[in-house]
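One chain comes next, on its own, written out as structure tokens in the form predicted alone.
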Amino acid sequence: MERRSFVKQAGLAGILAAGAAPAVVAQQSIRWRLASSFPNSLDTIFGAANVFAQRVKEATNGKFEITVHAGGELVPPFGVVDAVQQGTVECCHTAPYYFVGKDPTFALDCAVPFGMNARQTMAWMYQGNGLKLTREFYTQYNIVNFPMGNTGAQMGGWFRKPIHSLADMKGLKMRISSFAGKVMERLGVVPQNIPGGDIYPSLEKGTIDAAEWVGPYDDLKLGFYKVAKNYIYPGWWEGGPQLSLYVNTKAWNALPADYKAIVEVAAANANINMLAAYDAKNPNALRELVGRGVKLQPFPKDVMEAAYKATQDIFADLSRTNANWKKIYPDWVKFRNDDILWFRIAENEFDRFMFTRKLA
């Protein structure tokens, strides 16, 4: 079955609404392994890979089966890109910004400071040039990428002490990954890149002074409130971080056309499902955290202003020195700016009004 025929007949909107792709007559039996960067204790962020694998299995009557492996089970959490590139595993599920050490351009496929929110990121990927441009970039790594999850805007993290001004940030050892770490360095913070499963013991032992992960639901499960009570927001470096499915190019090219279509649709379903899960689960988790003595606090304005300036300086440096970044960033920033122009109007005013209501 041709891919376009499959998508046309099934209808992407109908597939996503139903929560699964329809079964097709599939002849070829295929087994893949998916390496995750996340611990299996996190049903939201790790769970997206399970949702994806289940959809693929259902749509092929069990002929195409993908086993999902938690971070460290097959390869280290931050070793998944190398594993897919080399063909050690067929695919992985990860946050692209973990790999800015290879190239800062990875972050544009996930989140950068003061970037897009979840809806804007999705629009750029699916309706703008995001998917086209990132796929061109990933050819260097023997990877075909698919959006597969988004957390929505994240919290700024857990701090042992309150943050009253920019001066309070200086010298802090903070678990913060990716691009944000480069910005934090310019604010005097000492960034630490630590996998999710290792954050709690590092915070508990005092190896770090602060840590960020995702938001209330995951953070409650991980127990950060037990060792740090100051919960600061927003995560200005993660307004809408997108996770990705990375598929080895050779493995992808070996798939028949109908299986390729199923992978594409299953990843899109997992993409939407993760964001919906966080939006549904974070409110009650936040209430519970506050009930356990957690103190909510916005970042002081001078921190936000300094971080924004440092971010713009880094963007400008990369545009001068990194050819991959320079190829994608202008398109990304134009799309972001255009979407913000729209979001400032109806979306913003509606949200602001609703936030002031005492809802029954």
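Keep in mind the model is a prediction, meaning the values are calculated, not measured. Each residue number is its position in the shown sequence, starting from 1.
The following text describes the form predicted together with a further copy of the same chain, which does not appear among the structures shown.
S.K.: Within 4.5 angstroms, counting heavy atoms, which one of the listed stretches 230 to 238, 93 to 101, 71 to 79, 172 to 180 is next to a further copy of the same chain in the predicted bound form?
M.R.: The contacting stretch is 230 to 238.
S.K.: Are any of the heavy atoms in G206 no more than 4.5 Å from a heavy atom of a further copy of the same chain in the predicted bound form?
M.R.: Outside the cut-off, so no.
S.K.: Is A310 one of the residues lying within 4.5 Å of a further copy of the same chain in the predicted bound form, judged by heavy atom distances?
M.R.: Result no; A310 lies far from a further copy of the same chain in the predicted bound form.
S.K.: Is W325 close enough to touch a further copy of the same chain in the predicted bound form, meaning at least one heavy atom pair within 4.5 Å?
M.R.: No - in the predicted bound form, heavy atoms of W325 and a further copy of the same chain never come within 4.5 Å of each other.
S.K.: Quick one: is R160 in contact with a further copy of the same chain in the predicted bound form, heavy atoms, 4.5 Å cut-off?
M.R.: No, no contact at 4.5 Å.
S.K.: Within 4.5 Å, heavy atoms only, which of Y329, F46, F335, W32 is in contact with a further copy of the same chain in the predicted bound form?
M.R.: Spelling it out, the residue with a heavy atom inside the cut-off is F335.
S.K.: Work out which of S165, Q140, Q86, N284 lies within 4.5 Å of a further copy of the same chain in the predicted bound form, going by heavy atoms.
M.R.: If I apply the 4.5 Å criterion carefully, the residue I get is N284.
S.K.: Determine the residues of 185 to 219 with a heavy atom within 4.5 Å of a further copy of the same chain in the predicted bound form and present them in sequence order; the list may be empty.
M.R.: Only P216 sits within 4.5 Å of the partner.
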